Each structure stands twice: as structure tokens, then as C-alpha cells.
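Coming up is one lone chain in C-alpha cells, specifically the form predicted alone.
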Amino acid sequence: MGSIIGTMGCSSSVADRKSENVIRAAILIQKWYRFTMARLEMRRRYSLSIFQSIEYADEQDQLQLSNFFTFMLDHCTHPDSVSQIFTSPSAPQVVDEDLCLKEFEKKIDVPDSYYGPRLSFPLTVEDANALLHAFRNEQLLHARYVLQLLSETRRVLKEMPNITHLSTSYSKEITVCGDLHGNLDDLLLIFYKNGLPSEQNRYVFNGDFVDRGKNSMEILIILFAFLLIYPNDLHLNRGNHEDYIMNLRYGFTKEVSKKYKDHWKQILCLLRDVFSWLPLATIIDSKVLILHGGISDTTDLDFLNALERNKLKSLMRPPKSVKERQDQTEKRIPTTKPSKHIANQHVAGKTQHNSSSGFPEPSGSNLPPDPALKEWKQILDILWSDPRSQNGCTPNKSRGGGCYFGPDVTAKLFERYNLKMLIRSHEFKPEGYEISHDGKVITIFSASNYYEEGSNRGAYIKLNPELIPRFVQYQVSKFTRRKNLRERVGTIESSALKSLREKIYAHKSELTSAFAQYDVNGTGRISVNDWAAAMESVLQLELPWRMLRSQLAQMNPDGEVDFMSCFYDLKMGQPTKEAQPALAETLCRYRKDLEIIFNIIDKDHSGLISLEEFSQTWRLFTSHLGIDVQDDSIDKLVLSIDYNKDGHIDFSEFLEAFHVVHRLEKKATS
């Protein structure tokens, strides 16, 4: 009997030990899993921070160059140039108010070989379904129908107020969608999950329908078609990208010119007008304010509701009265040549400061308030601003336009207009939405995979009569499901670091000078803290540089950073002996801006620029930015790229010579 008990006791202790080992193993696995997930999440977050910082820096460049783009559009009026679409008094006649639908039918033939949708007006739900089917199959809508649709859309929009008032009593819920940015798959997925617009299924689309993505035109056509069918049930607010100068830089202009080679000028001209007639905001049940960007401490909804919104075709082009005031101010200020690296603060001899909207203004002016300036700033604020957790209203330095508004600014506006909630878009959010200001401000972003495949979810809001928001998230996943989490994060991280390295290389000279200030003994090495400080002082991206150091620069055994290793794996696209390092870096940095400028002066959209045009424009551009580049160096470079010596250069080839190549990638692909 005793032996049996002893055996049982032994078995029990063995089982206990096994159980303990299993628990320990489970705890170790759990710790490892949590650690791995935490590291992946950290990598994902800093990758998204890189993307967003570079995006905002790009927008800041766009705003700071707005005066120059305005000058170019005002002075480059070649009969066939892009600028002529927007500046010539004769061009808009192509899409004159008096041209009715029948006129487009007479002027533009639709060949029998066209197998896409054939629209007849007024549109029906069947027409909208035909459009959806065609776009799913990557068909284009014929230019005649596009122009007819845009003409009808303008007619309907002109009848709408600046601020639309809706009531939930007419339907159970209202759906609010944020930025789509040309991502057609997101719009199709929203309609699949939430149903098509109808009298019982009302929608508000909160701006930024275009740019960045490849199907901006298709998104506009679908939204405008449903607007014409259900003008009381589908509502559109203007975003900061419904702006023809923004479209020059961010892709929409190029998309239209490629898809509609024969009629792109008429389409863009009509779109410029359509965009200017889009309502500025929507209010639901007198309690929920929906607008694209945000507010400022001077936002006046009554003033916004009364102004002539269509006068401002682009916020990148201040009203003429504003420019005249700037000229008056300029006469009072002595012309000074700006230094090399402060072009953002000094433009063409005019000292500038930022207004509360963050937009450059001439300083030293005691001119009286101007109504056009007030209208411009009011719209700029609601289309460009972002919320912040700190109280107050300060210039939006990240974007370069609009402001940061705090909870106190929100509370003040709510008290004045008896509001309960502000729904805005304009800002990338990893989960597709974010709640701030104690639940009073909601950001909704509907473009999934915005920066990279798998980078974020999209979302939309369902508002019921109690005005309680319900969030629906989604993600278009063509390739994402095939990858595990580690692979998805790796793809996002790799793409973000690639963009960051290109930004670093484009500022090589400034960074090298900044590093040298810390490298007193000329060793080529500095501390991690000094390296991080130098990176931020030049790039001003507000990134966690110490965390990113291992991805960007090498460290020696003593814990010091070899700062020139930032540039080891990068070089210019095509080595051009005639391009001095400083000149090549400048061209690399301003590639996007140069592309806009040369699209403006390209006479026949051929992609060829005369040497004289190039030289004159380059001198204007460098003078505007305060960049010190010798004239003879650019002349030699241009002559070397004129391969067939016909006095013209292929601008695409020219730009290609000044993009950053990642050497490791080049080895992998060769």
C-alpha cells in the first residue's frame, strides 16, 4: 500500500513539474510575442511619421513657391501652354456658360468604335451603374460625356449655398467620407459595404477627391454623376486639393492630359470652374460642422456663408488686390539679396513673415484691412488647418498654410454657433480616423494604403439622428493578404526610408556643413546626439533621429557616427560631368517644382524646352529662391544635354538625370 502511495506522489510531482515548464514556456512565448509585436509597431509608427513629415514638407514647399508659380502663370501666356488654359481670356470660351449639352454633341463626335458608357441627360441610376461597371473594367468615359457632365455639375453647384444644411430626419443615417485622393478602389469598397447614394442613403464627401492616386478623374465622374441624380442626398465639400495649381504638382493635371489627349485643356478649364463652385462646408442638424481642414481663432461661419466662393480659383494665387498691397509694401522695403539657405523666409527681395494662417505675408505694412484678403484667409484656414492638443491658434509650420487650432479655439467656435461636433479630414490617420479635443473633433480619412500597400486603413462615419458617430474601417487588399505582418511592416519601412534617404541626399551640402560644425577635429565622426541635432537643424522633419540612426548612418566601436555614411548608398541618376555638385543637388531638390514650371512654359505639350526658355526660367527660379548658382554652369550643363544640338532639350530626360538612385537597389536589379 505504501509503495502505491509513493508511486502516486512521484507521478504527481512529475506532472507538476511538467505543468510548471509549460507555464514558463507559455510566459516566455508571450513575452517574446509582445516584444516582437512592440518592435513591429514601433517600426510601423516611425515609418508613417517619415511619410507624413515628408508630405507636409512638400506641401510647405508648394505654398512657399506659390508666388513664383503665380508669376509664371501671369507672364507665360503662350497660345498652347498649360498656363494659357488658366490665364487667357479666350480659352474659357471653349467651355463658355452658353454652351449647352447639345453644343458639345455637335462639336465632339463619339466614334462607333467607342464601347464605353453613352450618357444622356438628365442622368439616371442606370447611367451611374454603367459608369461604375466601366471604371471597374478600366474603361474611360468619352470626352464629350465628361464635358457634358462637368457642365451640368457646374450648373447644379452654382445653385448651392456656401454652407449646406442637412437634417437627419429625412434619413436614418448620413455617411461622411474623408480624403480619397484618386483611390478608386476605396470609393468602390465604400459603396459595396455601405450602399450606393440614394434618397434613403445620404452621403457627404469631405474634399480631396483628386491628386496622388491614379483614378482621380473616375472618382470625380462618379461623384458628380450621383450629385446630378441625387442633388439633395449627395453633398460635396471642397478640399485643399480641389485647386488647379495644387493639381499641377500632385498629379491630377498630368492624369487628365494623358487620359484625354485631345480635350484635356477644355476639361481642365471647366474643372477649375467646377472646383471653385464646390461648397465650403456642411452642417447637420445645426450641430455638426463638416469641413475639410479645420478652423482658426478668426473663423467666421456667417462671413464664409456670404462670400463669393467661386472668385478663389486657387488658394495658391492670392487675390490681385492682395498682390497689389504686397507691391505697395515692397516699395517701402529696400531690396536685399537673400542668403543661400533662407529662401523660405526671403522671396525676391521681400522680407516675409507668417500670418496666423501660416501663409507668407509682406511685413512692415500698415495698409487698411482688405475684404479680398479676409476672404482668402478665411477659406485658407478651413481648407488647410489641423487640430492640436495644446490651446491656442498658431501658424501651421508643418504644412506652411492654415493653422494649428487647440481645444479652446474649438470650444469658442462651438459656443458662438451652438455646435456639438466638428468633422474634418485633410490628415492621414493609420486607423482611418482619430478623435481629439475631448471628443469634439473627429478626423476621418478614407484613402487606405495611402503611403504604401498596407500602410493604413480607411474609414467613414455613420451619423444617426442622435448624432452619435459610428466608425466603419476597411482596407483594400490586393496584395496585403499574401504577406504576414512582418513582411507588411518591412515593405512600409523600406519605402519610407527610401524617401527619407532621397531627402537627405538632396540636402547633402547643407548636412555636410552642419556635421562639420560638430566635427571640430575633422575626424569625420561625431556623437549620436550631435548627428541627430544636425539632421533636424537642416531637414526640420521632427523625426526620432536617434532611433533612425542605425538605418541611416554607420557607427564606429567608440559609439561615434560616421556622418558621411549617410550618403554612401546614394548617388545621382546619371553622372553628368558638367553638373557641379552644388548645381546637381539643387536640381535634385527642386525636381518637382521644375516639372511644374516647365509644364507651364511647354508651348505644345511636347516635353521639349528651348535652351533660351530653360536658361531664362532657371535664372528667375534661382533668383526667387535666393540660390547662388553661376549662370555659366547651368549653360554648360544644358548644352551638354542637348544631344542632337537642335536648341531644345527633352525635359523628362533632363529631370531623370537628377533623381536619386539607391546603389544597393541598382545592384539587385542589374
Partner chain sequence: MPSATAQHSSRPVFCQCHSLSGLVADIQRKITEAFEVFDRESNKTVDVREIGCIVRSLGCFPNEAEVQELLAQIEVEEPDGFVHLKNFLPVMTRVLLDKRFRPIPEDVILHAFEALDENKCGYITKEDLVKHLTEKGEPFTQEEMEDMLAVALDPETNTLHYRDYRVKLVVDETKTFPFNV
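Residue numbers count along the first chain shown, from 1. Quick caveat, the model's predicted, so the values are computed rather than measured.
We do not show the form predicted together with the partner chain, though everything after this point is about it.
The partner is absent here, but in the predicted bound form a heavy atom of 551, alone among 551, 257, 540, 310, sits within 4.5 Å of the partner chain. The single contact residue among 140, 467, 547, 564, judged by any heavy atom lying within 4.5 Å of the partner chain in the predicted bound form, is 547.
By the criterion of a heavy atom within 4.5 Å, residue 43 is counted among the residues contacting the partner chain in the predicted bound form.
Taking non-hydrogen atoms only, residue 513 never approaches the partner chain to within 4.5 angstroms in the predicted bound form.
In the predicted bound form, residue 486 approaches the partner chain with a heavy atom inside 4.5 Å. Under a 4.5 angstroms non-hydrogen atom cutoff, the partner chain in the predicted bound form has residue 388 among its neighbouring residues. In the predicted bound form, no residue of the candidate spot (108, 617 and 623) has a heavy atom lying within 4.5 Å of the partner chain. In the predicted bound form, the residues of 24 to 48 lying within 4.5 Å of the partner chain by at least one heavy atom are, in order, 25, 26, 27, 28, 29, 30, 31, 32, 33, 34, 35, 36, 37, 38, 39, 41, 42, 43, 45, 46.
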